Every structure is written in structure tokens, then in C-alpha cells.
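One chain comes next, on its own, written as C-alpha cells: the form predicted on its own.
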Amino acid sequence: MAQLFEFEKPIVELENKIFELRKFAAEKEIDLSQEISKLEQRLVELKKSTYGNLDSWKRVQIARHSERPNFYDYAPLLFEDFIELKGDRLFADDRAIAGGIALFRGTPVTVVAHVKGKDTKENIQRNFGMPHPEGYRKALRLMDQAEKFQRPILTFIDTPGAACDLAAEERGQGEAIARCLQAMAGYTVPIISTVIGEGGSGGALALGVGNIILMLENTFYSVIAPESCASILWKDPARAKEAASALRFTAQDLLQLGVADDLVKEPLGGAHKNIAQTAEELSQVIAKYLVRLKGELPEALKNKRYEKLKKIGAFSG
């Protein structure tokens, strides 16, 4: 059964009512087209009012939806000839990070992405999208290769944060993330980073030092998860909704604050409602900025990335 949020229940109830009315009309051979048409119009209006006025917490819920597309859902719709490359050549292959080379609208690119699982078994295998150091070292290996062969880098962010267990610390989690940040800051190729779900803490930022930061409409990008923020500030994770509002971390907030450069529209209800439509919107936006960035000189790309980072969090007035 599909995951259903409390605010979506009136929509589902109306959809069920329309379904039952159609079924009844067919069984009894009664013309109820006018009544059904009125309900369908009401349904459209209800969806627009519900999904058009989402608060921060509702967007968090949609970003975490169990059916939300992950990188592997988008890859065949965005790229031709995606070849996945595995392992960090040091320890292991971390399945919370996927990457490789592909053609994007005819342009060779390097792709690196966080990957969550679709069910409990796969989430355990992928550690719920929380990479260990070897995941970030794999990402660094692929991005270094992109710099060497002058391929643009496309990253896709969807993680609650980096793995924070003992094994991750023993294998140098902080150092692995820092090396990604340092390397991305110095690359001379175009980098476009897209938040497709959750963007949590340094685990997300490790793939987020881009010339362009894109965010899908129902995503968030934050230094901390709302539950963790509520636990620290108020010793009460149940106040996560309040924390979500205070953090101002949604795509709409970050576009206004200048952290994100553009917002990618999703179908009403979220990307999981129509993956193909979402991928097409994303493809068009990435293509627009990739053309723009490919016209920049290599040194200018690096310098503008640095200037962009310096502006984040600056006070004016």
C-alpha cells in the first residue's frame, strides 16, 4: 500500500468516492457523468490547494516518501549509455554512493549520486543512503577522473547525512568528506549539484560544492535534520515540525536566500506521482545551465564557485 500522509487523506477519500460512483454507474447503467465531472473538478481544486500551500514539514515528508524516485529511477531517463563504476580502490564498494560515466544529451559527463533503497532490505544494503568513507573516496576517484578528462560533473544529493557509526569514524569519515570538499572547490570543470530528496549535513555537502545548485520542488538541504535540531534545541524530537519551519531549508527558502540557483518543478503530490515528467523537467534545467557553464573559462568556473560559497550566510545592511 502506498504511503499516505495525514494531509493527503481528503484527496484520497474524494478519489475513492469518484471511483465508487463510476463503478456504481457502470453496474446500474445510470448516467452520472455530471455528478462525476463536478467531483473531478473539486478534486483538481483540492489537489491544487493542498499541494500548492505545503509548509516545510509537509515538504520534508514528501522528500522522504517511501516511493520517491532515487538516482537509479532517473538515470535511464536522463542519460544515454550510463556505465556504473564501483569501488574506491582502497577498501570496498559503498552502495550508498553510485557513480560512473554517461552521455547527457550527447555530452560526456561524470555522474555521482547518493542512493537510498526502495524497501527495508535494500535500505540496509545501502545504509539508508548514508555513505561510509569508502563511498566518498569512490566519489572523489570518479570526480578526479572527470577533471583529468575535462568532463562536466553532475551530482545528485539524497541523504539524511553521512554514516556516523564507529566503523565510519575508524576509517576516516571526516577526512574523506573534507577531501571531497577540497577537491570540488578546485576543479576547473563545470559542476551541477541537484538535491533530489533529502540534503542532510556534511554527508550532502560532500557532493554539493557546485557552480549551480538545483533543488527539486519538494526537497530540503540543511546542516541538520529537523528531528536532530529539535532534540538539541528543545530536548524533544517531537518538535521536529517546529524545527523544520525555523530552519528555512526547503527549496523555496534556499532559492530566496541565494543558496539554490533554481527550482525544478514536480508533479502535484511529488516526484513519485510521475517520474518521467519530473525527469524531463530536470533534464531541461540541467541542460540550460550546462550550456551556460560550458561557455566559461576553466579558471573562471573555479573562481566563481569559490565566490558563490563565500556569499552564503553573508549579512547585509
Partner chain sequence: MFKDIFRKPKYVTIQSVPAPRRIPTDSVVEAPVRKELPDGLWVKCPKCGEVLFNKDLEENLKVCNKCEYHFRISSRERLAMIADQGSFEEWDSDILTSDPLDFPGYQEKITEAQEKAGMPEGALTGKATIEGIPVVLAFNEANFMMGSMGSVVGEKFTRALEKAIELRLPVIIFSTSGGARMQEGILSLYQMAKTSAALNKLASEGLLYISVLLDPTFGGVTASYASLGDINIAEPGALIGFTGPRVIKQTIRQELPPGAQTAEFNQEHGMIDLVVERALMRSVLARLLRYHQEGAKYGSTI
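Numbering follows the first chain given and starts at 1. These numbers were taken from a predicted model, which means no experiment stands behind them.
What comes next is about the form predicted in complex with the partner chain, which is not displayed.
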* **the partner chain contact at E35 in the predicted complex, heavy atom, 4.5 Å** => no
* **the partner chain contact at Y306 in the predicted complex, heavy atom, 4.5 Å** => yes
* Asked: in the predicted complex, does D88 have a heavy atom within 4.5 Å of the partner chain?
  -> yes
* Report yes if any heavy atom of T120 sits within 4.5 Å of a heavy atom of the partner chain in the predicted complex; otherwise report no. => no
* **Contact stretch among 61-69, 248-256, 40-48, 26-34 - heavy atom within 4.5 Å of the partner chain in the predicted complex** => 248-256
* Asked: When you measure heavy atoms, are D93, C164 and V189 every one within 4.5 angstroms of the partner chain in the predicted complex?
  -> yes
* To do: Tell me, out of L216, I177, A98, L154, which residue has a non-hydrogen atom within 4.5 angstroms of the partner chain in the predicted complex.
  => I177
* **Residues of 190-220 having any heavy atom within 4.5 Å of the partner chain in the predicted complex, listed in sequence order** => P190, S201, G202, L205, G208, V209, I213
